[in-house]
Structures are given as structure tokens and as C-alpha cells.
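A single chain, nothing else alongside it, follows as C-alpha cells in the form predicted on its own.
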Amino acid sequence: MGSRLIPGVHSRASTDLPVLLPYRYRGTDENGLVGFSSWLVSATPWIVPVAFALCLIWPLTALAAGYGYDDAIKALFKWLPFLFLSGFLFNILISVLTMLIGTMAGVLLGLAQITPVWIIQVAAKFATQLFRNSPWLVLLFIVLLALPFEFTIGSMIISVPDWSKAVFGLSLPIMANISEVVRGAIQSVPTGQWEAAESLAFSRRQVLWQIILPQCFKRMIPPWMNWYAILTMATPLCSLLGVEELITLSRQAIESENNHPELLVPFYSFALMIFFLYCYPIARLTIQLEKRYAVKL
């Protein structure tokens, strides 16, 4: 069947009757759509992903025609002193103040969790679990909306800066987590030491401050440092409150450079790198202290 010759198609017809011939494209269509369709059907399969990639690269090439990544790097180096001195160091200042306030309040709250007075103990446990299991960003927004923007004392008006609200808002979860660190460290001391101190007629206050807490201090250092590193990495949340820290200043610098998309990777990579260089040594030191001060059973 495949080799059979068809009269009128493969050879001259032997009759004068009309014969329907097969269609042959002669390139006479006005818009060339038939030719493009036939070319697309006959093309190899890889032509489609290549064409799709070219469609993606073309707008990037057109967008970067007047501004390249080398210009973005130059802009980063131009803004580098400003971002470091006015941005990152302010993040560190916020983390230090927050850790100081959170540690002092957390120690008191942790001691309140082990007090014999059950009302204080229940209230301390409730506050600890409330702030420990709340999203940090939600706490920041609540503090921002709850605290006033200024105080009026007589004829004097005292404004409350946004960074102080951020410090207070971040101090709440740090306080709760340090409270758990203190409680866990105290309860990790063997009960025999409590009993031995009480048999020597030590008061509860003397047992706590002279025997128990000195042993807990070295056990609390590694988790305390770990929470400080976590807090430092969480300080960019303050940018949502309008605090002019590293991320906020990076956005302002990008806007000053006409919001070129090529600026995003260098500027935010710098923020990532500088936070990593600051927090990674703390994490490594924390691991070493955990091994050194591990409880030997």
C-alpha cells in the first residue's frame, strides 16, 4: 500500500476528470501565520524553553542597560560608613539595652516562679508563659500602639522615641525566656543541697543567695548568650516601627539611588553578612561554654 502510485498525484492522470490534489504551502499568506505555525511544529522541543528564557532575560537586560551590578557595588561602598555607624551599631545598642532590661526583669520573674507564695508564683508563671509564647512582632505593635508618643508634665512635653518603645517591646519576650532560664537553672541543682543547707539552719534567702545561685550562674551563661544572639538577629523587626536601624537605612539608601533592582542584592547581602559576622562567634562561644559547664552526672 505504501509504494502504490496514485494517478494524478504521483503521475499524470490518464483521465480528464478533475482530481483533488494535496495542499502545498506556497508562502502566499498575508501575515505569515501559517509559516510560523508550521515552523513551530517542526522545530525541536528545546526551542520552547530557550524562547521562554530569552523572554525573561530581555527585560532584565533592558532594565540593566543603564545600571549594572558594578554600579550597585559602588553605591554600597558609598553608603557603607553610614549603614555601619548609624545603622548596625544602633542595632547593637538596641540589643544591649533590651538584654539588660530583659535580664534584670527575667531574674526577678524567675525567682518569683519558685517562691512559696502561691499567688506570686501563679502570676509569675502566667506572665512567663504569656510573653514567652507570643509573637515578637505582635508584642512590638501592641507596645507601639499602647504607649503614648509623648508625656505632658505641666508645661513641659517629653516625647517618647520609637526606639525606646522597640526596646521595651523586645524586652518582654526576653524577660520571659530569661525567667525560664533562671527557673530551670535553680531547679537543676540537686535537692540534697537544699536539704543540707536547711539542716544547718540556713534561711531560704541564705540558701538561695549563698549556695544555689552561685552554682546556677555558670549554667545560665550559655543560654543567656544564645538568647542575646537571637535578640540581635531580631532587631531588624524594629524597622517596622520606623526605627532607623540597619534595614531602615538600607531601604532609604536604595531609594536615594533611584530604587534600582540591582541594589537589593548588595545592600541586603551586606546586612546578612554583618549580622552573621557578629552573631556567629557568639554562637560558637556558647557551644564551648555549654560543653565546659555541662552538668556531670
Partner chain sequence: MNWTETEPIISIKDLHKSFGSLEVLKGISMDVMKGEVVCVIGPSGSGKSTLIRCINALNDINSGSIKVEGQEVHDPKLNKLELRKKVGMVFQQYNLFPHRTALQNIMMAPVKVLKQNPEDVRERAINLMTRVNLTGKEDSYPGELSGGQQQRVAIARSLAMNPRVMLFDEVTAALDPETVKDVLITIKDLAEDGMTCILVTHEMGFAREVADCIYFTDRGIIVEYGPPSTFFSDAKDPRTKEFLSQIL
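Since we're looking at a predicted model, the values are computed, not measured. Residue numbers count along the first chain shown, from 1.
Below, we turn to the form predicted together with the partner chain, even though it does not appear here.
- Looking at residue 192, you'd find a heavy atom of it within 4.5 angstroms of the partner chain in the model of the complex.
- Put simply, residue 103 is far from the partner chain in the model of the complex: not one heavy atom of it is within 4.5 Å.
- Not displayed here, the partner chain is approached by residue 214 to within 4.5 Å at the level of heavy atoms in the model of the complex.
- The shortest heavy atom separation between residue 72 and the partner chain in the model of the complex exceeds 4.5 Å.
- Only one of 138, 122, 200, 96 comes within 4.5 Å of the partner chain in the model of the complex through a heavy atom, and that residue is 200.
- Interface residue among 117, 196, 85, 142 relative to the partner chain in the model of the complex, by the heavy atom within 4.5 Å criterion: 196.
- You can rule out all but one of 148-156, 73-81, 106-114, 201-209: in the model of the complex, only 201-209 has residues with a heavy atom within 4.5 Å of the partner chain.
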